[in-house]
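A single chain, nothing else alongside it, follows as structure tokens in the form predicted alone.
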Amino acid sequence: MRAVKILLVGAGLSGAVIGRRLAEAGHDVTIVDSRDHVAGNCHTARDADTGVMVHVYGPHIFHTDDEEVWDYVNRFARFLPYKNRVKTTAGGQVFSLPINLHTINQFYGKTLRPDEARAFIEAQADTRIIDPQTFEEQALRFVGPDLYEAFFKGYTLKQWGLHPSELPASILKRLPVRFNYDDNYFFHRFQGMPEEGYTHMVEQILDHPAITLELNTPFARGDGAGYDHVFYSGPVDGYFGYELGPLGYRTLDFERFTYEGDYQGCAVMNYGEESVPYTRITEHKHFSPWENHEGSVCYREFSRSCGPEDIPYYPIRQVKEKELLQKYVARAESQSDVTFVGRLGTYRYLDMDVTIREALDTAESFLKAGTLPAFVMPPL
């Protein structure tokens, strides 16, 4: 394949990984980003006063079963062990999430063994629900009304702005119930944090002589002229100037505060009760447990509907959004020499490892074929 000029829009994981692979293959790569930093929403930066490594747009924990992806990120950063152990408040107490044997015994004031707890929870469940279709039905079928009300209902209302009866069951299916004392939030083989933060890792990925990086550089559709191919990781509706209307997202507001000492003793404390306006508090020094800091940086997180000037975080993907997405997909498929990639480009919630896997696969497909379809329709 002859050397070609490539433009990548977005210096997050998708743009950096695709750009690096194509640069290594001998292509001329330019990456633009409207922000003043790389790494997108996984951007990290040291707080000047406390020295704490802050996850500027909220916490990102790397976890995967994909050994190739794990080897890839360790090529550019030193990953240290990190286990995400989430706590939540309910009824004036602190519990572990996901729901595990300790959570069950503490909540019900019991000392059940695993088989006893399994039978006990099954007795709480609404077994009349055979095929759960909604988040609420899924919760009632598998944990019953008490645990649903304590840990899921209020949090979900705040996070999504929708009643759990309006959300698909698939959202809750990602959260297991464990009948042992394992409080590790994730179950993947490889889990960790980059020692120097995600921004340093992405900077290392981008450190190649064939890559030109231009920050503070917004992209407009006509800016792709003069390039052989464009990889676009911005919002798919934004590429078309929101001509058909904006796709629905939830965004986050962060109320940052500092504390001298240890504020909550863990990285993530959820607040499941609807009466508490924020969904959780994150204490960022606990995301780097190998470091020691006297001071602490914390974020209270508030979820709300995403406006035109907000950062989109979570695609809603309800019926009306799916219908609108189909229309944008039709427009995207009519484009030549443009490929839509990443979380925003394909309107999906993607974990970091999946983002990197798709970026690696996309780059390899391009190198083999010399071109790519504009848009590969994600599952709805």
Ligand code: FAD
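Keep in mind the model is a prediction, meaning the values are calculated, not measured. Note that residue numbering begins at 1 and tracks the sequence as displayed.
Same protein, other form: the form predicted together with ligand FAD, not shown, and the subject of what follows.
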- Note on the structure: Picking from 227, 249, 219, 79, the single residue whose non-hydrogen atoms come within 4.5 angstroms of ligand FAD in the model of the complex is 219
- Query: For the spot marked by 7, 72 and 366, is every residue within 4.5 Å of ligand FAD in the model of the complex through some heavy atom?
  - Reply: no
- Indicate whether residue 53 is a 4.5 Å heavy atom neighbour of ligand FAD in the model of the complex. no
- Task: Determine whether any heavy atom of residue 30 comes within 4.5 Å of a heavy atom of ligand FAD in the model of the complex, and answer yes or no.
- Result: no
- Does at least one non-hydrogen atom of residue 355 fall within 4.5 angstroms of ligand FAD in the model of the complex? yes
- Task: Check whether residue 233 has any heavy atom within 4.5 Å of a heavy atom of ligand FAD in the model of the complex, and answer yes or no.
- Result: yes
- Item | Answer range among 319-327, 22-30, 44-52, 335-343 for contact with ligand FAD, defined in the model of the complex as heavy atoms within 4.5 Å | 335-343
- Check each residue of 33-51 against ligand FAD in the model of the complex and list those with a heavy atom within 4.5 Å, in sequence order. 33, 34, 35, 39, 40, 41, 42
